[in-house]
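Next comes just one chain, in structure tokens: the form predicted on its own.
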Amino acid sequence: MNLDENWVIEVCEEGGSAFALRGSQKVFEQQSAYQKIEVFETDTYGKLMLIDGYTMLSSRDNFIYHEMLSHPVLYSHPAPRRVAIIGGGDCGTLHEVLKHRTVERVTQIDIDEVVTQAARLHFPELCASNTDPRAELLFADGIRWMEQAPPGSLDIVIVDSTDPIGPGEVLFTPAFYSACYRALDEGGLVVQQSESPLIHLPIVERIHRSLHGASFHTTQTLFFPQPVYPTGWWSATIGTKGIGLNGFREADVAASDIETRYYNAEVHRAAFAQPEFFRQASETWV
């Protein structure tokens, strides 16, 4: 991350690009035991959180990411009741998951409590469901928690991680996905944020191969815009245990009173359409 007098600038070396927002007033900074968390006030995107200089979320567009990491996978399961979120310290994904009345329990495990402290101060709307009796917030090692989860105890695992560097790197490994597979019940689903398909295709390939290596039956990537992330184009990848990924509960989406700003049935269908370059590449991954 670079900072000049009037702009917050994140340089993406691997993409040969940069993203900048005007407004450089810093309102939060803390070095935790794991990483450096900063929050800036911007002119047009509201608050902006960075971790180790990498953009995590903004007030203006975080709803796209949080909705697309939550609702497609939840509506792809016939009856999701037990959910674990690995990472997700800003609590936006937790907030979206708890909009589903079928969900009985959500355990969020993030290693760094400072991220949640910053979110409570500067993104309180994302933390609005933290006191829901169905929610449990733990600040611990997510991979260790998953390894210790009872077999078949979960319906959905959502991996809301940072990039595969630093503390987030272990969440992209076959060992972690094997732990997820063991903890999921038959028909369970795991979803992992999977970076930009435009410049991070090797990472997406690694996720697909690792999920299949951990015995997941089917893997599929969905796509969505994310303006503050490198290239503005992001993805999430789903793995299924013992079933295919055939359709979703479209009637439930249509009948739902869940309030969303991006996700709907049409977006769900469109998000799973495979761009031609991606389709051709992915044919070699299995």
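Quick caveat: nothing in here was measured; it's all calculated off a predicted structure. A residue's number is simply how far along the shown sequence it sits, counting from 1.
The same protein also exists as the form predicted in complex with another copy of the chain; that form is not shown, yet it is the one meant from here on.
Highlighted residues Pro227, Tyr262 and Val267: every one comes within 4.5 Å of another copy of the chain in the predicted complex, counting any heavy atom. Of the candidate stretches 191-199, 68-76, 211-219, 125-133, only 191-199 has residues with heavy atoms within 4.5 Å of another copy of the chain in the predicted complex. Comment: another copy of the chain is not present in this chain, but in the predicted complex one of Thr55, Thr231, Thr240, Gln35 has a heavy atom within 4.5 Å of it, namely Thr231.
Another copy of the chain is not drawn, but in the predicted complex it has no heavy atom within 4.5 Å of Ser24. Taking the partner from elsewhere, Trp285 is found to have every heavy atom lying beyond 4.5 Å of another copy of the chain in the predicted complex. A residue is said to contact a partner when one of its heavy atoms sits within 4.5 Å of a partner heavy atom; Thr44 meets this definition for another copy of the chain in the predicted complex.
Remark: Phe63 counts among the residues lining another copy of the chain in the predicted complex, judged by a heavy atom distance of 4.5 Å or less.
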